[in-house]
Structures are given as C-alpha cells and as structure tokens.
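Below sits a lone chain in structure tokens, taken as the form predicted alone.
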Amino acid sequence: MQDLLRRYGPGLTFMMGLLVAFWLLMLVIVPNITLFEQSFRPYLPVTEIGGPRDTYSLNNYLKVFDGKVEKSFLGHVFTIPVHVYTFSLTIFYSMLVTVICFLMAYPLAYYLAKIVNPKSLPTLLLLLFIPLWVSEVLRAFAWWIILAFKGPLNALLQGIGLIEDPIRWTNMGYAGVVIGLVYTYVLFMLFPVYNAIQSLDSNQIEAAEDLGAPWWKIHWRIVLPHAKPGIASGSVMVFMLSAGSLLVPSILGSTTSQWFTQTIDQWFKDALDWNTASAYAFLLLLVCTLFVTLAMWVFRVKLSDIAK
C-alpha cells in the first residue's frame, strides 16, 4: 500500500482501491452469497415464495444422489447415482487434462527459459499469446472442425497412411473434450512454470553437468524442485478451469460424455430450477477446493507457493 501511495498519490490510490472493492463486492461476493442462500431454499412458484413451504433444507444438495445408473468395472457391475458418476468423470478428466498440460508445458517452458536465444524470446512468446486473442468459443469451434469426420485431421492422417478410414473423434467419449481443454488451458500451465524456471540460477545446472549428472537427474533434483511453485500454480488454474468449463464440453462433447457443468446448466436453463443449480454449483466449488487442498497436502505444496 505504501508503494501505491508513493507512486500514484492518495487520490488515485483511493480510486483504485474503491474500484477493486466494488468489483469484489458487487460482482463476486454479493452474487455468490445470493446463490448460496438460494441453494438451501426449494424451487417454488412465485406465489409461494416466502410462504410456509419456503424453508431452508439440504434437499437441493441431496438431489445429486437421485437417479441410478449401472456401470461395470473390472467385470463387476455396480449402481451409482448418475450425477455422482458425472461429477466423478469430470474430476478424473480434469486431472487428466492437468497432467497432459504439464507434460506439454514443462519441456517448452524449460526451452524458453534456459535454451532459446534471448533475442528470439519475445517473438516466441508473442506467437504463444496469439491463441488468447481469439475467444474460447471460436477456438472450440475450430477444434470441432479439425476433429470432424471429414475434417483436416482425418485427411492428414489418411494422407500420410496412418489410418485407412476416417475416425469420428467427437464420438469417442471424452476425447474431443480433453483435446479442446488441453489446447484452451495449456498456456495457463506454461507461463507459471516458465516464470519459475526462469528464476533458477543456470550455474546450478552447469555445475550438475560438470559433475556428470545425467539430464533426467538434473531435472528431477534441481529444476523440478525449484519450479514447484509454478507447477502448483499452473496445476490449480488448469484443474479448476477445466472442471468449471462449459463451452468446450458443450461443443466438443459426444453423446456419451457429460460434464458436470452441463448438468448445472440444464438445471438453470432447461428446468429453470435455480435453487438446485446453485446447490450443484457450490458442490462443484466445494469438492474441487477440497480436492486441490488434498493434492497440495500430498505433494507438500503450501498456499504461499501458489501465490508466488
């Protein structure tokens, strides 16, 4: 705060603080408090709102256990609530997207931070930023065209002889959703990891090389521990954004795939039941937060590491 006062003066600092407070209060805190309060109330006709039936309960949250679906796993058939099953798949594939984004982003981040010519770095970063100039909707539709039955991907694979018949990529369960989410959010993994690796003293890498350490041990013992805050920050962002994505699963999802946010959207728009939709939304937020907290505990990552 002292730096802001010294740099901008009391008047401009007060205005910036006021705008930030307004944004947090009116666009984040108040809407979420309203939805949280509505999530405990039943869905009633307008004439009955405020009446004797308008009471607080956990019924909206318990609806997640309604409806059963039979699934088989390792030869065993079991029943599971359909919405719990959808939520479980959303968490699993969000984890998969996070892992794939890390595997793609880490080598590129290391290359940009420690190998590339500094004169070429601004150009490469600009090229990486270009996809962010296009809206998420257009990027999802672009991948829908690429993955189409008669799309460029199948034409390329057939042209080089890898496949004989076209593949219906968007009908392969969650394959299209995972591809779209990885493309959409991989930069949210790349830049935190790049910033973390860039701060590593290159002399440590050179010393390890001089002592005869293999490349994998250099990354395992030096680079990865130093980049842990960036990896944690990128993983949290990619996982939460993937689990909360709606456009990509709606556009690239198949008839057999269902993202939990699509279920929430159906409660909002199709059923017009904002109370149950609010409960589902807070369940998603709560469980994802608990899952991230558990992962931070398992990998011994502190909140201060993510905030760096």
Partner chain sequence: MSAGIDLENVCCDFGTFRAVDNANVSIRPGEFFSFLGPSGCGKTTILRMVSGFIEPTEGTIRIGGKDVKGTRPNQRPTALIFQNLALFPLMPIWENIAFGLEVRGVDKATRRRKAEELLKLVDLPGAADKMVSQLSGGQKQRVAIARALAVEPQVMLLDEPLSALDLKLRQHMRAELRAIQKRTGVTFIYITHDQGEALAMSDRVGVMSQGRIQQIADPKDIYNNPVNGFVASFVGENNIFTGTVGAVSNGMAAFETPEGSFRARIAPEAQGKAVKLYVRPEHTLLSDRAGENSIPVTVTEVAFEGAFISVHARTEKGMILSAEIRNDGLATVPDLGTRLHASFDPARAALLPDANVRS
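What you see is a predicted model, and the numbers here were worked out from it, not measured in a lab. Numbering follows the first chain given and starts at 1.
One more form of this protein, predicted together with its partner chain, exists but is not displayed; see below.
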- Task: With its partner chain left out here, work out from 197 to 205, 184 to 192, 77 to 85, 93 to 101 which stretch has heavy atoms within 4.5 Å of it in the predicted bound form.
- Result: 197 to 205
- Of the residues Met172, Ala213, Leu89, Ala113, which one places a heavy atom within 4.5 Å of its partner chain in the predicted bound form? Ala213
- Message: Given that its partner chain is not shown alongside this chain, does Ala148 nevertheless sit within 4.5 Å of it in the predicted bound form, heavy atom to heavy atom?
- Response: no
- Query: Within a 4.5 Å heavy atom cut-off, is Arg221 in contact with its partner chain in the predicted bound form?
  - Reply: yes
- Message: Can you tell me if Lys217 lies within 4.5 angstroms of its partner chain in the predicted bound form, counting non-hydrogen atoms only?
- Response: yes
- Heavy atom of Pro225 within 4.5 Å of its partner chain in the predicted bound form: yes
